[in-house]
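In structure tokens, one chain follows: the form predicted on its own.
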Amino acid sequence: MPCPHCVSADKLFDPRVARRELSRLHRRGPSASTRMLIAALPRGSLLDIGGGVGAIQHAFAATAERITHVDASQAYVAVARAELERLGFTSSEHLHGDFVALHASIEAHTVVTLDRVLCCYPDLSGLVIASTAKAQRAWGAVFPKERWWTRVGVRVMNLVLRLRGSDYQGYIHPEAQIMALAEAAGLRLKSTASTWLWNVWTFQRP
């Protein structure tokens, strides 16, 4: 049975949203937090979970031997695949669905990324445990700071979405829990950076 949250994400992040985000990426490049994440990571094979239109994938395309992209949005998967093909990168796999449900069939990669994904998934433990298990060398995530203004912002966003008839919800997960789960997976914190809204954390295998 499909994850209800993933079904709502698929409806929210539709082809119109995907085209708009791709146009923004072409005009402005990756967001500040995404650039910080890319800069802090080693290169190698990439597993990009919830990779959207593929900003991180584009950065890895010149050197990665393979890229795997998993996203709950069919529109994002289609756009990211087309963009990598346009760049001439042919060693990629694009999967539509819930990563936690699919992870057993996905191979480990040098680097695993979750850019603004933890805040989009209700089961933090399941997502972090499944994704860190696939990180051979590094695991990186961008997620909201645990502050009063982010909590207010997420509540307002969730209210607006409900009023529009969407079941999609955002989450502010505890920073201490994210740290504990990553460390329990044998990873150690390598770097931290931030914007006024986002934490950018990277971990590596000792």
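Just count from 1 along the sequence shown to find any residue number. Worth saying up front: this structure is predicted, and the values here are computed from it rather than measured.
What comes next is about the form predicted together with a small molecule, which does not appear here.
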| request: Could you check which residue among 117, 135, 79, 128 gets a heavy atom within 4.5 Å of the small molecule in the predicted complex? | output: 117
| note | Partner-free chain; cross-checking the small molecule in the predicted complex, the single residue of 46, 36, 59, 70 with a heavy atom within 4.5 Å is 70
| query | Taking 6, 50 and 97 as a possible spot, do all three reach the small molecule in the predicted complex with a heavy atom inside 4.5 Å? | reply | yes
| task | Specify the contacting stretch among 175-183, 145-153, 51-59, 159-167, defined as having any heavy atom within 4.5 Å of the small molecule in the predicted complex. | result | 51-59
